[in-house]
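A single chain comes next, written as structure tokens; it is the form predicted on its own.
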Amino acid sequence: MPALTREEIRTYEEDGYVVPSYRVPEDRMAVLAAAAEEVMAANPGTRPEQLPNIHITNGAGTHLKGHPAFLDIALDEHLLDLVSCVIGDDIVMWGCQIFCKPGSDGMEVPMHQDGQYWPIRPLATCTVWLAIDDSDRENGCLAVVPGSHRDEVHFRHHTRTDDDIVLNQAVDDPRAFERPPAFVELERGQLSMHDIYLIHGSAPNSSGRRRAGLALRYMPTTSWFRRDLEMQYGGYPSNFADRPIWLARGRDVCGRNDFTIGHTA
């Protein structure tokens, strides 16, 4: 079974992200690529960079039409093996989002930290970013600030009003960029993993080549998914009250997570 090496775990702990040697097999990638096309076609009124919760197919907690292939990959045992190396064996899978940047007008994701958007207390999540297309600097790959997760600092953000950005919050704190950004270039089927406090974002895409990726969100069950908190996601309200979450592995250590809400809608 796949697992992070000691060096990969050390890199994740020190830099806040890692690109494991593991790759998702091509037969699985072909299924995901086809599912991505179906989801984008089924949600024509939504930008392809802004398709959260596409693993949900019963409509609970989302206005979008999802596809079961994304829930299948989010609960994949091989990915859970990798995630368990950094957050432990008791895992909640709580989110899944496509970020697809068209080759002509792919939108920028400003440099930001994720935790300000999410109702998780204490804050803890490992995001797996899986490349559906090759992702490089030319077509707007993920950029990260290595080590910015250390000490669990919430850096100052400011609100941007641009029309061509995915999120409207951007880090505006000189302490945040003491190290230059690193660019996470991935081939189709490769993945990266990053910590909830890591500063990250991506440039616009006008390369002529599409850049599609899948973000999968996992938290340890020592944390509580707080449905009572009102949160903003990138400037617009998010409904977490009815959002289904999954006990992907192990047990609910904190004893407060509800795995029934949203599963029968």
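Only a predicted model underlies this, so the values are computations on that prediction, with no experimental measurement involved. Numbers follow the displayed sequence, beginning with 1.
The protein also exists as the form predicted together with a small molecule; that form is not presented, and the subsequent description refers to it.
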Answer range among 66 to 74, 39 to 47, 26 to 34, 209 to 217 for contact with the small molecule, defined in the model of the complex as heavy atoms within 4.5 Å: 209 to 217
Heavy atom of H194 within 4.5 Å of the small molecule in the model of the complex: yes
Partner proximity in the model of the complex: W94 to the small molecule, non-hydrogen atom cutoff 4.5 Å: no
Contact label in the model of the complex: V184 to the small molecule, heavy atom within 4.5 Å: no
Proximity of T221 to the small molecule in the model of the complex, heavy atoms at 4.5 Å: no
Among the candidates T127, Q190, N168, S84, the residue which, in the model of the complex, approaches the small molecule to within 4.5 Å (heavy atoms): T127
Position in contact with the small molecule when the complex is considered in the model of the complex, options I120, L79, V109, V145, heavy atoms within 4.5 Å: V109
